[in-house]
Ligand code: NDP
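The chain below stands alone and is given in structure tokens; this is the form predicted on its own.
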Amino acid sequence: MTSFDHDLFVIGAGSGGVRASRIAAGHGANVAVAEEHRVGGTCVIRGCVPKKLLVYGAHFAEDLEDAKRFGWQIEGKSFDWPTLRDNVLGEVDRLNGLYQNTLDSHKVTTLLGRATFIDPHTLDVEGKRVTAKHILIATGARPFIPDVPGAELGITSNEVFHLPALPKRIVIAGGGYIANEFAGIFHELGVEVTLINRSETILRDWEPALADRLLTISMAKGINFKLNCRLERLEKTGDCITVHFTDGKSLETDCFLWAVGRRPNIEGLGLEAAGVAVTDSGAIAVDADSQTNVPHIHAVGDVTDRVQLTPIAIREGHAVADRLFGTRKWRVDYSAIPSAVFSNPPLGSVGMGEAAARNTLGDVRIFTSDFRPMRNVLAGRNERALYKLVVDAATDKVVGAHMIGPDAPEILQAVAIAVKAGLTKAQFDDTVALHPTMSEELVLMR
């Protein structure tokens, strides 16, 4: 019988890789994980966690302004970017340490360096050869930078957290959640923001009514949008960057941020040596059990380009570890996955949108609540929240819930339980409203 150094070797110590390593080790497996950057992956080190902390920090700009209407007099307020930046990076360091402690406490061997396949069971990690019976690829994804002249003058979300100083002006390329989140952050911190997008819509995969509402509110706040435009090139002009468009127009900025999507990290893995197949989009092809075409090699998370969300990568990694080394055989359920955009204001969504529901179910009922949150009323803000429920007319089940407004993601998480459980509109109606709250609108739609 062939002897291997490890029962499981994991490439990538992000959310999915760490969960798989911990669970597999808990089942008694001999596990090693390779990480070429920092343990914690995109979410913890350069993604959702530090970004959400910036969202919190930026929102104080409006909170302090609104405080006047609530009787608070705050004189001489000012903002110091290095303080926020360094405190956020300090929290990242703390979490990085906790993730490493998790691996260490479960006796998972951590190898710092890039892992490359030599053959289907053998990898090279910085000159060290390692063999494994099972291998899990969890290398995630990275920001995509288009092939346009001067593209290197821009930064990505990876570098945002390390800016030495805030720019006076920033141009953000993209219309998705990352672009809109950073547009809100920088605007609240006093930066002049222009968001450019090649299509005429933002958040194209979201419920159109919510995307339109965010666009309207963002423009009212003073964020500039240049839609339906094609970028030709970036050019260094003195201390500025000149952004040239195909229509001959241009604009100057101090900083340019690429937020036009992400690509799976497959380069340099030596997938050819292992015989692992990839899709046309450059992602690792897997089945419902996260298994590649090579039976002992699995892949989870963003490198598979299924659903690019941290909780999904965690579940996929957990399922693989249980299936390979435990007694519980299960698969990730991709239905009714809640998601959020931490823009200003934020969005939350779960289940089917109106168009998808009509195409799938035929007869649907739509309930909406368009209201001005109580806090905004007293603060003198005209921003309105929008809640939307999509109901299957045949069964009365709520098949989708979508909202934009203060704390929408926090509210949406609870609603997602109801949608996942298949509760009906009648059951929503039977629930007593918690007054006065924004969330009570969910049970008052008639």
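In case it trips you up, residue 1 is the first one in the sequence shown, and so on. Keep in mind that what you see is a predicted model, and the values were worked out from it rather than measured.
Beyond the structure shown, there is the form predicted together with the ligand, which is absent from this document and is the topic of what follows.
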| property | result |
| --- | --- |
| Contact residue in the predicted complex, chosen from 340, 125, 314, 255 - any heavy atom within 4.5 Å of the ligand | 340 |
| Candidate from 308, 96, 250, 109 lying within 4.5 Å of the ligand in the predicted complex - any heavy atom | 308 |
| Heavy atom contact within 4.5 Å of the ligand in the predicted complex, the stretch among 158-166, 270-278, 174-182, 130-138 | 174-182 |
| Heavy atom of residue 218 within 4.5 Å of the ligand in the predicted complex | no |
| Distance check, residue 199 to the ligand in the predicted complex, heavy atom within 4.5 Å | yes |
| Non-hydrogen atom contact residue 261 with the ligand in the predicted complex at 4.5 angstroms | yes |
| Non-hydrogen atom contact residue 144 with the ligand in the predicted complex at 4.5 angstroms | yes |
| Residues of 213-241 having any heavy atom within 4.5 Å of the ligand in the predicted complex, listed in sequence order | none |
